[in-house]
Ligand code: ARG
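As a starting point, one isolated chain is supplied in structure tokens, in the form predicted on its own.
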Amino acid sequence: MTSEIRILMCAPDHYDVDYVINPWMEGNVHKSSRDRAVEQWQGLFQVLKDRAIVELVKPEKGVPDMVFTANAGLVLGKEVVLSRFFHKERQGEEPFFKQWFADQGFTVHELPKDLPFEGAGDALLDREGRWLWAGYGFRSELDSHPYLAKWLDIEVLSLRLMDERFYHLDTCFCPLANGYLLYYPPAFDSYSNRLIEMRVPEAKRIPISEPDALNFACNTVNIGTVVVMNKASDELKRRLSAAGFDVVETPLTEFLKAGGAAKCLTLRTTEPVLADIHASGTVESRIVRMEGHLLDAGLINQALDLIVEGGGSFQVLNFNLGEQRQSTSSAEVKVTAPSHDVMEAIMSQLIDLGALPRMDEQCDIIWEPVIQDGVAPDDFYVSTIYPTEVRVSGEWVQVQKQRMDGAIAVDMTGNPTAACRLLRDLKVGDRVIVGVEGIRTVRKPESRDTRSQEFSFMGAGVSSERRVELVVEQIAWEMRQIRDHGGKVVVTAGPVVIHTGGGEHLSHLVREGYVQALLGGNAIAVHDMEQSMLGTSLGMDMKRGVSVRGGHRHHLKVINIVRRYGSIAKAVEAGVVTSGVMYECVKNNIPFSLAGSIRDDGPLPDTEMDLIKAQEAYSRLIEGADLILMLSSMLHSIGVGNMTPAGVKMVCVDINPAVVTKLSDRGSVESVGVVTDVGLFLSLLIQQLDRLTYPYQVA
């Protein structure tokens, strides 16, 4: 033996699979052979004893996993961070390992009792001593990483584990000598893989296949140029050999039944300290406060899921549950992320849910000037549909012209103001908010009864017809209230309205004052006027339901006629168009906007082919809307949805459930989706409105 490397092991005198705390243990309780386990452990012991000094800790009854000494703690120099085991089944090991480290003269650091960290199973030193790789996600919490950086005075790089089979970092990740890395990329999230690729050159990375990963090829003991493992494929052996390593295989199948192999059975206790390497931590924590119907609206679950799915971790510091059904709840949650960028991404989503920093942590916005027209600064805050306030000079200021997918520009002259601006509208010198500091959204309290619903017509197993009629009744009542109180209803409609026979019903809504603006494309206007002028829609006779000879030319004839008059309004005034949706809009002074697309024939003279101008026109007509009725026009409906602030009720009607779902994904509690034929919907809507108008005349 020539090495001064010291390794701690524990004989498997009491080893067995007594419980299930990882997927490998499932189906293996009390199915491990003690004799075979001893034989395999002795095989590993002899391999290591020839290359290092192997020290032993006394095995203890009642803690069968004590054999996996990698989880005893994390050692650097004479400092050790003792493990805090996640599962109670292993917590009994902690005092025995603590005593051993103390007896050997180590300075023992102990984490808070409620902060899990499982030692060198989840924290692996770069073999060049430059930094510490630390895993989190299953057994160790991200909040433990700042303690590691502080106590061991070393940079900590946090890696999130995603596959429960690889619940410890050392099951899928092994730093090797000379800067090499043996690892299984699918075990990590995308952020962690990017971090690995940034720190380890491609020539030094040795990614392994799933079969090798399942044989715990990454659970390897590296001593110089020797790698000791349970098993490796011929391809992996070849690649390791090409990198200058000698592979020593020693079977450890009995320990795989408990989820461990060579590395898990060992703890290296001689980890040298590099004098020029010092602590550097990127882990960031913030405390946020949430209020509202956190449970029945699912807000707290959404928030916690967003944190975890975003690559962070959380700790609920307190939760005050509302005492009655109408009462709101409140919670304070500590959010931890592996880096500032990840924290910013998580916080931007939490802000959308209404989360706020604690009062003592609130600060003003951060802004940067625009230095190029139409281009926002890096890291600009992207606005949402929800009413937003920004903190300027200690005061909260309401953001004007709220919409999603814009930037927020602030004017600091006089009384500060803020407004959403599209990127294309930004000018040099504008002050644009960056980051997420000093921003809050104001969401209406959500409850189980008010969340958006999707109604399905003629669906299997339910009386869906009654459900559609129920929601139509509600919409009719809402539209009647809006009309009678001088409110505003905007309709976005596609040509399917005309094809399904809904044109006459939409015309009725316009004529009776239920519609205050119409949005659509070239097609709805063309086919509406085709029906008025020629009795067809796309060449189909709407009364007989049959195609008309030469009817495929009708829409172009209509376009040509309207172009001759110069506009839809002039064609109506000339008596060429005598009925239909566009006729009623002109006659009742209802503004409309037609947004063109690349597929449009003609187009009509009223169709705006400049996309930016069309968006601006849509946005103007949406202002002040109380309700938006979206009728079978996916493209225009989604566009309208993106520029509509929360608080505006939206009804999306489409035969395609995907369109309804897309609009519901905005997250607005005021959205209602109706999956049905739009012509039938409009017919039912007119019936309900007539019942409200003439309650004693309509059967």
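As the structure is a computational prediction, the values presented were derived from the model and not from experiment. Just count from 1 along the sequence shown to find any residue number.
The form predicted together with the ligand is left out here; the points below concern that form.
- In the model of the complex, no heavy atom of L159 sits within 4.5 Å of the ligand.
- The ligand in the model of the complex comes within 4.5 Å of no heavy atom belonging to H145.
- By the criterion of a heavy atom within 4.5 Å, K237 is excluded from the residues contacting the ligand in the model of the complex.
- Interface membership of H508, defined by any non-hydrogen atom within 4.5 Å of the ligand in the model of the complex, is ruled out.
- With the ligand omitted here, the record of contacts in the model of the complex names 19-27 of 684-692, 6-14, 19-27, 671-679, defined by a heavy atom within 4.5 Å.
- This chain is drawn without the ligand; in the model of the complex, the residue among S593, S192, T492, T171 with a heavy atom within 4.5 Å of it is T171.
- Of the listed positions (Y167, F97, F188, Y381), a single one reaches within 4.5 angstroms of the ligand by any non-hydrogen atom in the model of the complex, namely Y167.
- Residues are counted as partner-facing when one of their heavy atoms sits within 4.5 Å of the ligand in the model of the complex; in 39-73 these are D65, F68, A70, N71, in sequence order.
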